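First, one chain by itself in structure tokens, the form predicted alone.
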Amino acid sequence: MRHKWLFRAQLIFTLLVCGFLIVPVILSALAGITQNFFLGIKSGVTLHWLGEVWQLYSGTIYLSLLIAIWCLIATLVIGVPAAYVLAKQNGKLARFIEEIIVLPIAIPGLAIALALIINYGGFRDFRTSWGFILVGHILYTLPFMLRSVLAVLSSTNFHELEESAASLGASFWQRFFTIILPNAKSGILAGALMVVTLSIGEFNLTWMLHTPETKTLPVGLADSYASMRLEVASAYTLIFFVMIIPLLIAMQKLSQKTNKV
């Protein structure tokens, strides 16, 4: 009997916490499709605000997706081989290098952005391009890819598999693509999920690095809340959800399927 009441209390507490978190999101989304937020749904439902957001800020959405894709490619090219080397060495030097790579997580995004501006802000063409934001995103998201892949590789006995393949005459690249990558697939997918979602939603670092011509989705969202009607800003938030949630669901499903295999 006591356990039943404890379960019910925990369930009620969980539902209250979920409600506290989800209700504001729902209200914000509804505000983006109502004629007048202050009058509520009774003022009428409209897609006008969504169309206005697309007209004003579609460029920020495309740019965020472009940066996220290139950020994912860069972190895969850098992070997966780096995780393989660190997992293979597994010594004090490897752990030190790992901590150096992970260090940007502990540093505020504004500080990373300021360091990039101080060191590379003098290169005008680079400073005013979206590539400057991309570098910041790579520094910020690389640790998530590295740690995800490293955790998976460290939990598998890939050393023996690799040695067996080498004894049969497999080259390094054959071993890397047929043994290392398949064994690290779940870590790669988990890292990719974090990299893409963090890149699309990153604000602090991007706010310091962007220019009027290189606004990303979160920066445009902040701009809409500061300078537009609440309905426009809420419609922008709704578009953000529509982009992020299907991506999260798809990548989670893919990750679960990989784990079952």
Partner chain sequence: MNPTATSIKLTNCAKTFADGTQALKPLNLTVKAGETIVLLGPSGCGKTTLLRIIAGLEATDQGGEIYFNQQNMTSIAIEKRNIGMVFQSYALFPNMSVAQNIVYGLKIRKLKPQAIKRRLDEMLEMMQIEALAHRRIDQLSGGQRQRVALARAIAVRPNLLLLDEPLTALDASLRDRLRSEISELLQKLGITSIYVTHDQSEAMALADRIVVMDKGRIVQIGSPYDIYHRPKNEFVANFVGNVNHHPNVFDANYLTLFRPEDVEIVEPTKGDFEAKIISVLFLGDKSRLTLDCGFKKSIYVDTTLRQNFKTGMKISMHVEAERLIKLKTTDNGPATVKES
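Positions refer to the first chain, counted from 1. From a predicted model like this one, the values you see are computed outputs, not experimental measurements.
Keep in mind that the form predicted in complex with the partner chain is not shown, yet the notes after this line are about it.
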Task: Contact segment among 134-142, 78-86, 112-120, 161-169, judged by heavy atoms lying within 4.5 Å of the partner chain in the model of the complex - done: 161-169
Open item on the list: So the partner chain isn't shown here. In the model of the complex, which residue out of Ile179, Ile97, Ala151, Ala74 has a non-hydrogen atom within 4.5 Å of it?
Closed with: Ile179
Task: Contact test in the model of the complex: Thr128 vs the partner chain, heavy atoms, 4.5 Å - done: no
Task: Gln174, heavy atom within 4.5 angstroms of the partner chain in the model of the complex - done: yes
Open item on the list: With the partner left out here, check for me: in the model of the complex, does some heavy atom of Asn157 sit within 4.5 Å of the partner chain?
Closed with: yes
